[in-house]
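Only one chain comes next, encoded as structure tokens, the form predicted on its own.
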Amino acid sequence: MGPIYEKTATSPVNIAVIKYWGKRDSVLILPTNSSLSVTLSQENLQSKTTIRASPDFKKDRLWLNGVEEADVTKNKRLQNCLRETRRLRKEYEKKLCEEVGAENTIPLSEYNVHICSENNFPTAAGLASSASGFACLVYTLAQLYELPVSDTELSKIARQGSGSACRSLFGGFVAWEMGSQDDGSDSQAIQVAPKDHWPELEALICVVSDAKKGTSSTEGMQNTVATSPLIQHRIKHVVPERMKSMTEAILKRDFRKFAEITMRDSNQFHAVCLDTFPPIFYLNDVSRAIIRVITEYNSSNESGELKAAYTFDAGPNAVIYAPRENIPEIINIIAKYFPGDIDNGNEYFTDPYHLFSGNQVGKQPLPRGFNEQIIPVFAPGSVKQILHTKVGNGPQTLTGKADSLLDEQGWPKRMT
């Protein structure tokens, strides 16, 4: 067996605080507005991808979550990412040939690849799985091909797989600049601030449903742009100003401004979905109840300061951003109104940062001034899981042999 050309990497989920919704070019995935997100820690949410190139492979192959093979030829977005990274590799090989000679240059751009990718969170449930998946694909290809390009350049390729994927090429706080060029050359991601810029900011993800969405993001965006008058107002007048204000709030670590813009933008995004004809519903009764709970939590605060911010992507799952000191209180409130299913007790809240002693989640008193009657207690299991996480880093390369998802022959380990 000859040398193995293989890389394994992980990539994070990002959750937007200024939402991306709508394309001006559906092939290149050029957005109708800029957006801004927070990259979440890979301790809880990540995509992992192993890619091997070999002259012995008969064709490009892809396995999702270790066992399910996908038809690469029918996946145009995957083909876009492969084509662009191979083009850059071919350019790099030409340069290497001139510097070290053809006999010392490995023609990886000509080899077929085996790709194995898996997520440790539900796919297609509104948790940005395609974003982290395509970011991981492009980053792993770049490592395999040893591409001498910046993460911002890679973000332009990841964008062609899934728009939001461009933001998962960076840790911390990330802007996706919509750009104005028809070829997408200036539609790219840049880091606004690194992971350690605002260490007090943390996040909770309330998994309301892990079912596949009824309306995909791609279909929803197309319908919204075609039928919603409100989206045009949002694109032209609302988002540009919010991008400036949110960037300023992040740089100044101004949680009040950050929280208000985050909630307002989430509300408007779902208003735009409702303004689509026929309307799109991503929120459900549990989602709306979480909004009421967080609103009451903020309004009951005697100081007048905002203590938490909710946001919802294209799905029912809530992401709650808050300063670290408020996180235990919020977990307790959510667990009180949305108790875990007894059968899923060990998975409901795992307390990764040891905030509670014993089985005290949901059993602490409500904050002073909180209106206990704001909503009824929901049936157990309405929120399936509470994930406590933090701001995280961008993609990471793994070097251990055990980290690979492929066996020695280049097949998924789960299948062998």
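We number the residues from 1 along the sequence you see. Bear in mind that the values here come from a model prediction, so they are computed numbers and not experimental data.
The form predicted together with a small molecule is left out here; the points below concern that form.
A.B. asks: Do E118 and the small molecule come within 4.5 Å of each other in the predicted bound form, heavy atoms counted?
C.D. replies: Because no heavy atom of E118 falls inside 4.5 Å of the small molecule in the predicted bound form, the answer is no.
A.B. asks: Considering only heavy atoms, tell me if I29 and the small molecule come within 4.5 Å of each other in the predicted bound form.
C.D. replies: Contact check for I29: yes, within 4.5 Å of the small molecule in the predicted bound form.
A.B. asks: Please run the contact check for R24 against the small molecule in the predicted bound form: heavy atoms, 4.5 angstroms, yes or no?
C.D. replies: Answer no; every heavy atom of R24 is more than 4.5 Å from the small molecule in the predicted bound form.
A.B. asks: With a cut-off of 4.5 Å between heavy atoms, is S162 one of the residues that contacts the small molecule in the predicted bound form?
C.D. replies: Contact check for S162: yes, within 4.5 Å of the small molecule in the predicted bound form.
A.B. asks: Name the stretch, out of 301-309, 164-172, 110-118, 180-188, where some heavy atom lies within 4.5 Å of the small molecule in the predicted bound form.
C.D. replies: Comparing against the small molecule in the predicted bound form, the contact stretch is 164-172.
A.B. asks: I need to confirm a contact call. Of S155, T224, S287, S217, which residue comes within 4.5 Å of the small molecule in the predicted bound form, counting heavy atoms only?
C.D. replies: Selected option: S217.
A.B. asks: Of the options S266, S130, T85, S228, which one has a non-hydrogen atom that comes within 4.5 Å of the small molecule in the predicted bound form?
C.D. replies: Checking each option against the small molecule in the predicted bound form, the one that comes within 4.5 Å is S130.
A.B. asks: Each of V13, W198 and R324 near the small molecule in the predicted bound form, meaning some heavy atom within 4.5 Å?
C.D. replies: No: none of V13, W198 and R324 comes within 4.5 Å of the small molecule in the predicted bound form.
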